[in-house]
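Okay, so here's just one chain, in structure tokens, the form predicted alone.
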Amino acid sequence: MKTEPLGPPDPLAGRRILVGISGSIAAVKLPLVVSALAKRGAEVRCVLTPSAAQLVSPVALASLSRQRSYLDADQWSHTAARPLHVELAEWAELVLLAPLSATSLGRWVHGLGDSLLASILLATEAPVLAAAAMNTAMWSSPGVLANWQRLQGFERVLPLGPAEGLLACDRQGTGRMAEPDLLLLALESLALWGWRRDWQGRRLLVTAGPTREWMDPARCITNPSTGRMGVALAQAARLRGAAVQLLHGPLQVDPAWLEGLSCQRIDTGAELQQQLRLHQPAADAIAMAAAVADHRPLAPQAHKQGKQALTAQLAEGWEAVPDLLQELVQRRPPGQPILGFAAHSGDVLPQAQAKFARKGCDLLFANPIDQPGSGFGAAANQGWLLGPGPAVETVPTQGKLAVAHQLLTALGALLSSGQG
């Protein structure tokens, strides 16, 4: 599992993170999360329910976190000056509750404090990322669904519902806990933005990654985009409550980052154009982060060409790929704000200002691709955000998830004001 932070500075470095583990077989994935957090410089303490302690070793977690693990038997001591659940609740800056079992969920939403972890959840005022995991039938039972719905209204809580997949009980269905890499991404989002779901009820259409224009089955025109910026934008919006439709080319990101998104794979500019026309009417806002190829061959071949034939094919010429961002602007319904992207080298800002005036979108994020540590394939990004007013907002070098939250805030403000 990757432990690379999304960019400098790492939002999790130096943070006090309490990891609460309850009784689900998904608990066996938590040592990976604890180890990654410790390597990123977080101070981690683990609390296990009795059922969780049967599934994952408290000793292993203590070794990985470099801190002792806590069990129910530790809650009360005549030598302790303060109750342990209060001390840990106040110590934590962030709480990761994973996996959240049906039993722990029920205790929490009904205000029961009959265990160390349950008492901590009642006492803490820190933001909590709660990742549910259980058998499909358990998840779909009326009691659990009612408890989960009740949890949605809790302040300082970011609920992360289970995904669909093959469960430990050999059943295929909903109930699988979010993968460790997605837990880390969501925890980072919680550190950057908090638990507020200001995009709740809104539908965001995001494009990400490169397109490919084929000369023959073996050769294509493309670019080095990995899709990381667009996927970070999509997940940030999802964690802030949005329903996200992601249209993407070939990606180079962890597959776990696609969980919870409605994804449609595309390859060429024509395919992206078709999907945009299909999905634009239902979107409240659009973020056009895909790196679309500018040109395509006039005569693509169905079979691989030899060198001479390829040279002749290239000499036949190229045609421009339609301007998809400009098409979106021209077709959009009233009140639909659109965020465009501009990747440039050299003197970026004048080029971006000319593009912004030409495209007609509401926001344009311009970033340099010739600066080390940012742009295509990098964990970080930087640049300028152009908007309706004359002022240009500087986006300092930071992780792409942090950039995504900054862009979402600007896009959401336009959506709320109806300025699209």
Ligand code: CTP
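In case it trips you up, residue 1 is the first one in the sequence shown, and so on. This is a predicted model, so every value here is computed, not measured.
FYI, the form predicted together with cytidine-5'-triphosphate (CTP) isn't displayed, but the following is about it.
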Seminar exercise, completed: Only one of 285 to 293, 151 to 159, 100 to 108, 229 to 237 has residues with a heavy atom within 4.5 Å of cytidine-5'-triphosphate (CTP) in the predicted bound form, and that stretch is 285 to 293
Exercise. Of the residues 29, 40, 45, 355, which one places a heavy atom within 4.5 Å of cytidine-5'-triphosphate (CTP) in the predicted bound form?
Worked result: 355
Exercise. Pick from 163, 118, 321, 266: which has a non-hydrogen atom within 4.5 Å of cytidine-5'-triphosphate (CTP) in the predicted bound form?
Worked result: 321
Exercise. Might residue 332 be said to contact cytidine-5'-triphosphate (CTP) in the predicted bound form, defining contact as any heavy atom within 4.5 Å?
Worked result: no
Exercise. Is there a heavy atom of residue 341 lying 4.5 Å or less from a heavy atom of cytidine-5'-triphosphate (CTP) in the predicted bound form?
Worked result: yes
Exercise. Can you check whether residue 325 is within 4.5 Å of cytidine-5'-triphosphate (CTP) in the predicted bound form, heavy atom basis?
Worked result: yes
